[in-house]
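The chain below stands alone and is given in structure tokens; this is the form predicted alone.
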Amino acid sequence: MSATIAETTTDWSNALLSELETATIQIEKKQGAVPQWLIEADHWRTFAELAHKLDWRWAAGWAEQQAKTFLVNSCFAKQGEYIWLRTTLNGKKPQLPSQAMVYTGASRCERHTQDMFGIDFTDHPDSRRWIKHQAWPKNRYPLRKDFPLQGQPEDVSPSDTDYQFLRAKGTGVYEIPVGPVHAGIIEPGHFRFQAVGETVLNLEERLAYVHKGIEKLAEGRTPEQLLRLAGRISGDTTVAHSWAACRAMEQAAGINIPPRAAFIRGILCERERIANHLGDVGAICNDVGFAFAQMQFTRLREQWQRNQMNMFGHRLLMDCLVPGGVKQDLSNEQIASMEQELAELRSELDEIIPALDLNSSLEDRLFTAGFLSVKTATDFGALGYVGRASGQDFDVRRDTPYAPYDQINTKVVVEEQGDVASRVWVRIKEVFASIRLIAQMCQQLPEGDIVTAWQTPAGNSEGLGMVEGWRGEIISYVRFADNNTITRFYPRDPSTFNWLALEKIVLNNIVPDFPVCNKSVNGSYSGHDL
């Protein structure tokens, strides 16, 4: 199909199609919930260049192995519209031009694909191993079908001591290694600083120490089993990751969930957002010595999660979703109790927040610290509160609304100052917005069933699900085999991009401000490492 043929396109797609036609690039279109555009491998980078020229955002990238070929996918987004780009590679020597030469945010996804599948992205700006470390031999690729789930571990994995971090030289320049093992219960991640005096010149991250093999573990699972796995990708995002996986599976199966189930999913996801924002605001304040705020916000978060335990059976809301709906209904008494809970939280926040707003010493530590410009946030594809504090006016709930957000008014909080303080205030304002959303959902909660009977998808059915989690946009891809089991699952956590942004956020800050800069991003190690 020529690039000039478009059955259901918007102005944004038409503009991109016009650019492709001018460049004599042919595509084949496959209609679906997310339009799929098939393209020749030789034009892979050119497509990215044309999309970038028209301000499309690079949103995700993944691959999968078929009988004698590899399918490589990218997802692009603009103004709430998504395009799913796909190409096919020869299985013997898979090679593809790197889109990371155009979109910086594509870098680590391509490195992940390179490590897991052995696909060579030519001219990639960084060819170092990313996910593999030294756990597998050079020419073994864990997501290929011939690689066993249990792997082929040596008695002791070789140490990862030869990773070539960037070196800086000069008078007074020194290096600070931090991690991967940290104090307390934080997950492992390595940070390598170069500094002069107390000023950070460069930060480079080394992640993937908690790589769990999520994608490999998903193979052969039933929808219910996959959902349980998805809910454990990142424990603080169990609802949102489960919902994204559900949307992908339900799309592949061609089923619609009951309206009541959609509203309950929305309530659960907004509760998850509130719990994490409360915890983060307190932790950021604690990192600069304002213990009062940390104690108050921790108290509110603890009470919020205890109520979740009483109402839904789990403090973190794990396993509350099922394919086709939700596990548990809400009674009228529970709805009334939740409405009272919302009013009490709002009242508490109205008393506590002025203590933050009027505290000059807190202001001195947070304002101008950890600056992320609008341009850098755009270039890196920063998501959620990190992106919205730097002018990224995007939210899946509003821009690509799915039930129940297509039936309620979703306010998106955006600021442009781009510092730690902005990331704090975006969180606070999102808490208030989520309180209003939950109240709306409770008032508009429709009657009816809470689950739709599952329909086994045809073999090779696939789906792409998007959800706005508390950290930002989550994208999940699913393909089914012909026996109602999963043959490919890929979840993209917002931290994929936000970790990249952190490397720029800390530049020209003092070393002692790294903890608060880091906490203001609060990337998920587990969600990134898969």
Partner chain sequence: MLRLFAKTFKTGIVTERIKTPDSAELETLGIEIKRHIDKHFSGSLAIREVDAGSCNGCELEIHAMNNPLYDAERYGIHFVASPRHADVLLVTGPVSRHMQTALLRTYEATPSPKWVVAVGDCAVCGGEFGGSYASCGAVANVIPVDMTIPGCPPTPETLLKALLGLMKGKGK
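Numbering follows the first chain given and starts at 1. From a predicted model like this one, the values you see are computed outputs, not experimental measurements.
As for the form predicted in complex with the partner chain, it is not shown, yet the points below apply to it.
Output flag, Ser157, Lys216 and Arg301 jointly within 4.5 Å of the partner chain in the model of the complex, heavy atom basis
Yes, all three are in contact.
Since the chain is shown here on its own, which stretch among 373 to 381, 225 to 233, 420 to 428, 433 to 441 would lie within 4.5 Å of the partner chain in the model of the complex, judged by heavy atoms?
Heavy atoms within 4.5 Å of the partner chain in the model of the complex occur in 225 to 233.
Using a 4.5 Å cut on heavy atoms, which of Ala135, Val413, Ala253, Val396 is close to the partner chain in the model of the complex?
By the 4.5 Å heavy-atom cutoff, the listed residue in contact is Ala135.
Out of Met318, Leu71, Val173, Leu342, which one falls within 4.5 Å of the partner chain in the model of the complex, going by heavy atoms?
Of Met318, Leu71, Val173, Leu342, the residue with a heavy atom within 4.5 Å of the partner chain in the model of the complex is Met318.
Using a 4.5 Å heavy atom cut-off, state whether Gln150 contacts the partner chain in the model of the complex.
Yes.
Classify Phe290 as contacting or not contacting the partner chain in the model of the complex by the rule of any non-hydrogen atom within 4.5 angstroms, answering yes or no.
Phe290: contacts the partner chain in the model of the complex.
Contact between Glu351 and the partner chain in the model of the complex at 4.5 Å, heavy atoms?
Although the partner chain is absent here, Glu351 would touch it in the model of the complex, with heavy atoms inside 4.5 Å.
Given that the partner is absent here, does Gln305 sit within 4.5 Å of the partner chain in the model of the complex, heavy atoms only?
Yes, Gln305 is a contact residue.
Residue by residue through 180 to 200, which ones have a non-hydrogen atom no more than 4.5 angstroms from the partner chain in the model of the complex?
Contacts from 180 to 200: Pro180, Val181, His182, Ala183, Gly184, Ile185, Ile186, Glu187, Pro188.
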